Structures are given as structure tokens and as C-alpha cells.
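Below, in C-alpha cells: the form predicted on its own, a single chain.
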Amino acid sequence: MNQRVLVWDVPTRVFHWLFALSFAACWYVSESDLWLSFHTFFGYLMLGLIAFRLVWGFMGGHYTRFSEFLYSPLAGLRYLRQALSGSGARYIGHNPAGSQAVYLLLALGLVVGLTGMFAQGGEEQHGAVAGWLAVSTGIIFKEAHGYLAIVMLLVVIGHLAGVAMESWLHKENLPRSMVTGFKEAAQGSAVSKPHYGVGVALLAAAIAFGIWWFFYAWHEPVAKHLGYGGAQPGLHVAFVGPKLPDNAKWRDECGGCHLAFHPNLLPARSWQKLMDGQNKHFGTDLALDDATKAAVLAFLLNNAAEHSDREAAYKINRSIKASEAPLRITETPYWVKKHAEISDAIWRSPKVKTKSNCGACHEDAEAGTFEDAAMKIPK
């Protein structure tokens, strides 16, 4: 005689679906700079969920506790072989192979989330560990983050395949049981407590985090991002990084004719060469007196690419040979590579016209930060 028993308590089900949503959302927007803030949000949410699950593994319902599905990898492989041959036993909770997927996903989720956090803190200089790492170290974490995410995706695919096989083998709908929490079990089988209060609290915490993130990360009024107030329309978030050094004389002299390109976008030798040739500055004589030239040059040299901790500065500087001193930012190898996919039609657009019109696409061009999420190509 079987009975319908509660296997998966409410907090476990809330965790499961929020965790799945977080990973899927992170993967879906991972290639878009415009949606970087959403990728980051779901990454932090995933880390918070994992922290909860680690605690709930000792305090949760009967079938949720780690002690109830603590099988060795060898036992998992043995069960997998049995299941593939059609002879795998039915488990009310996690089977030995499924338990390995749970542990792998928790471990990989934790490592993927942490490497992402350190990549953001180093390369982007944002987030919980902003400023802890150099840009170069952040790039290493970013590479690791990407490879580990691929491994996690493969484990997810294996997990889904296992769920499908187990559902077919034992003629039961496992995904539905993770929605309802119930399964058929023999009389006298252990029953989990629902823990409604903890489940509601977990869901409320996730929603509260989303609301807080919305107002934290968007920085500016929502109306502006919806296209009001003169801003370009679009539901993306432009992270605001550390404010760069500024200088009134530099901004007056260099910004009088064009955008005042921040010194961190070229190495010091390029700025030195530009200022040495100020009497023939792209066909124009700047006619700066000695005092003004000295003041502007000092600011340019002190804040050049090799002295900056910004991502754009680091990558531009790394792309230029030590023997070269380009005078145009648009001729640096990194800039060329980064803009290679932009069509000629965009460059000829009335909203762009020239490659030096950085403000046409970069909302923070004047600030000189050139954040990934602050870029939007005009239609």
C-alpha cells in the first residue's frame, strides 16, 4: 500500500526553482554588456541561494538533509549503470547519481559565483570586492568564470537527462514532484515538514533583494532609462565606477573643440608626442602658452593609461607595442578589435558621423569611464 507523502518541503522547492532561474538568466544575458547588471544580479542571487541551501542541508526537511543523500561517487556511478540497464532502484529522495549532481551543482555554483564576483571587482572595479584586485587579476578570474560556467552547464544538462531517465524508468513525473513536493511512497515512509514560514521568508528575501538591486544598480531615475528626460531609451543599467581624476584647465583646453578624451585612454608617450606637436595638432595650432602646456601635460602624463586601474586603460595599453606611440585612440589595436563588428552604416549615421564621436554610443564618454553597461549603439 502506497501513500502520498511530502518529500520536498517548501523552502527546498523555492530554492530549486530560483536557483535554476538564476543560472538560466545568467547564461542567457552573459554575452551582452547592456544586460551586465542583470547577469550580476542573478549571480549574487545564486550565491545567496547556495548559502541558504548549505544551511538548509543540516536543518531542512528529512529528504533535504545532506545526511539523507550522502553517497560516494562510486555509488553514484554504480547506480547510473543500473539505471541505464533499466534496473535502477527507486528512491523517494535523491538517488546516488542525483546526489552527485546536487553536490556538483552547489560546488560549481559557489565557485562560478565567486569567480564572477572577483572578475567584477578586478576587471570592472564594481561590486562587493571592488578595488581588491588589479584589472589583470580580474581578467584571469573572468576566464576561469567562463570555463567553470560551461562545466556547470554540462552538469545541468546531465542532471536534466538524469531526471528524464528516472521519470521514464519509474513512470513518475519528477519535475512535478519538485513543484508539488509530493511523491508516492510506501506506508511508514518518512514525511518532511512543509516549513511554510521558512519558504515564504526565502521567497520574500529574494524579492526584497531584487527590489533593492533595482534601486541600487540603476543609479538614475527609471524614467530616464525608459527614454524620458533626453536619455536614450532602453532598460539597461549603466554601472557607475570610481570617478576619474579631473582637471579644469585640461577640460577647458581639450574640450573646447571636441570631447576631452581622458588621459587613461592612451599611454604617456602618446600624450607627450601630442603635446610636443601642439603647433600641428591634426592640422591645427593649439597655441598653448608654456604654463598652460605644462599644466595640461602634467595632468595627461600623471593619469595616462599605464597609471590607471580602469579596464579600458589596461586593455588599450596592453594592446600597444612599447615602441609605438599612437596619436589617435581609434587607431589602437584594442579599440579596433572592440569596434570591428560595427557596420559602416552605423559610422555614417547622422547620430554618429565620426569614430571620434564616443558620446554617440557611450553614455559616460565625458566622464572617461567607458563602462560596458553604459554603451548603447543608436539605431
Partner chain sequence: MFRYSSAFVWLGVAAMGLTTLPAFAQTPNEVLATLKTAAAGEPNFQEFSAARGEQFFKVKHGKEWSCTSCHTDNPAAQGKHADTGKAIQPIAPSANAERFTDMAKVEKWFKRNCNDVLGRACTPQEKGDVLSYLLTVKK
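Positions refer to the first chain, counted from 1. Note that the coordinates shown come from a computational prediction; the quantities given were computed from them, not determined experimentally. Here the rigid core means the biggest group of C-alpha atoms that line up within 1.5 Å when the two forms are laid on top of each other.
FYI, the form predicted together with its partner chain isn't displayed, but the following is about it.
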- its partner chain in the predicted bound form: contacting segment from 186-194, 281-289, 302-310, 149-157, heavy atom within 4.5 Å: 281-289
- Task: Flag this candidate site as yes only if Gly256, Leu259 and Thr354 all have a heavy atom within 4.5 Å of its partner chain in the predicted bound form; otherwise mark no.
- Result: yes
- Contact between Glu366 and its partner chain in the predicted bound form at 4.5 Å, heavy atoms? yes
- Item | is_contact(Asp252, its partner chain) in the predicted bound form, heavy atom dist at most 4.5 Å | yes
- Query: If you line up the core, does Arg90 shift 2 angstroms or more at its C-alpha between this form and the one not shown?
  - Reply: no
- Message: On a rigid core superposition, would His258 pass a 2 Å threshold for CA movement between this form and the one not shown?
- Response: yes
- Message: Does Thr292 shift between this form and the one not shown by 2 angstroms or more at the C-alpha, the core having been superposed?
- Response: yes
